[in-house]
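Here's a solo chain for you in structure tokens, the form predicted alone.
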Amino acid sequence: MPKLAYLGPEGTFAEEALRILAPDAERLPSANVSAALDAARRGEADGAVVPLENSLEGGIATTLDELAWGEPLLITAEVLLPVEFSLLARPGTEIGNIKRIFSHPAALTQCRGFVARELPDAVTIAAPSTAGAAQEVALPGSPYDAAIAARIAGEHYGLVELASGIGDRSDTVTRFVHVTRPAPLPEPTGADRTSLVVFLSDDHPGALLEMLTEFAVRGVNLTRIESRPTGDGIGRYFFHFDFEGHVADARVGEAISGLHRVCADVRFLGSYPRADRLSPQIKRGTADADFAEAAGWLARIRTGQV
């Protein structure tokens, strides 16, 4: 039975995602995303389940940076988890008496409309996780009056639900990924996603266009592109790419090879099945058979068979 680390404590959305991705796995709650990934790197866990992006807030910065700079890890699976927040408090608490709300920064952002409308005098304080916030609120003498978290966290820590579905958007989704130490890749399914981190060789006009061209000319459709600072000064960035296809596909392999030729470094983060099971539309001339035919044609003319 595999052991998987996740952003704890018990009752987080990350635990819900883990239960979907690996329902029989032993669960190892971690203090934060970095700790969960480090547990996988050190072999204390067989892998980790961490949030990668949110449909409202975009990429999760800690996860993006950890995957770019830490010891290499591979994404092997993903899940799209609908996110619904509740306002949780100790039994006997009235909503009008709530003055200090504790929750993860992403949750506070996604529920700011509710807080502004229903609790305009309340102060919000950032917590390491939504479940951690619920756990803290449940403690006797806690300085916090309420937590914003998943309903399951309230059930686990003995809090009552004062309001449900308090997010500003009812269709919010967070994408969680399962990562492991480097290992054989999942087989292509025909509905796959590949992730990369790309570092520029130097900052010059058209540098981003050069990278995008490697995808465009081979008909590879990007599903996410995000820049992150390198830390080497203002204006210095590296890039995260998600795109359709598997590294075993000719068009994807050639695009990655092209990036390797023109960029300072390319970190491969994995090819894995898409959670939404959407298959890519293959442009004319970019199917595996087209690449094979072109390679055969080139081989023939190199031997004078014109």
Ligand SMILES: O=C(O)C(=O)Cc1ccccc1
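Note that residue numbering begins at 1 and tracks the sequence as displayed. All figures in this text were calculated on a predicted structure; none of them were measured in a lab.
Although it is not shown, the form predicted together with this ligand is what the next lines describe.
Student: Just to confirm, residue 130 within 4.5 Å of this ligand in the predicted bound form by heavy atoms?
Tutor: Yes, residue 130 sits close enough to this ligand in the predicted bound form that at least one of its heavy atoms falls within 4.5 Å.
Student: Using the partner position in the predicted bound form, report whether residue 135 sits within 4.5 Å of this ligand, counting heavy atoms only.
Tutor: Judged by the heavy-atom cut-off of 4.5 Å, residue 135 is well away from this ligand in the predicted bound form.
Student: Heavy atoms within 4.5 Å of this ligand in the predicted bound form: does residue 218 have any?
Tutor: Residue 218 lies outside the contact set for this ligand.
Student: Looking in the predicted bound form, any heavy atom of residue 110 within 4.5 Å of this ligand?
Tutor: Yes.
Student: Looking at 98, 106, 159, 166, which is the one with a non-hydrogen atom within 4.5 Å of this ligand in the predicted bound form?
Tutor: None of the others qualify; the residue that does is 106.
Student: Only one of 211, 73, 83, 89 comes within 4.5 Å of this ligand in the predicted bound form by heavy atoms, so just point that one out.
Tutor: Partner contact (heavy atom, 4.5 Å) among the options: 83.
Student: Spell it out for me: taking this ligand in the predicted bound form, does every residue among 7, 13 and 174 have a heavy atom no farther than 4.5 Å from it?
Tutor: Checking in the predicted bound form: 7, 13 and 174 are all within 4.5 Å of this ligand.
Student: Quick check for you: of 139 to 147, 174 to 182, 199 to 207, 223 to 231, which stretch puts a non-hydrogen atom within 4.5 Å of this ligand in the predicted bound form?
Tutor: Within 4.5 Å of the partner lies stretch 174 to 182.
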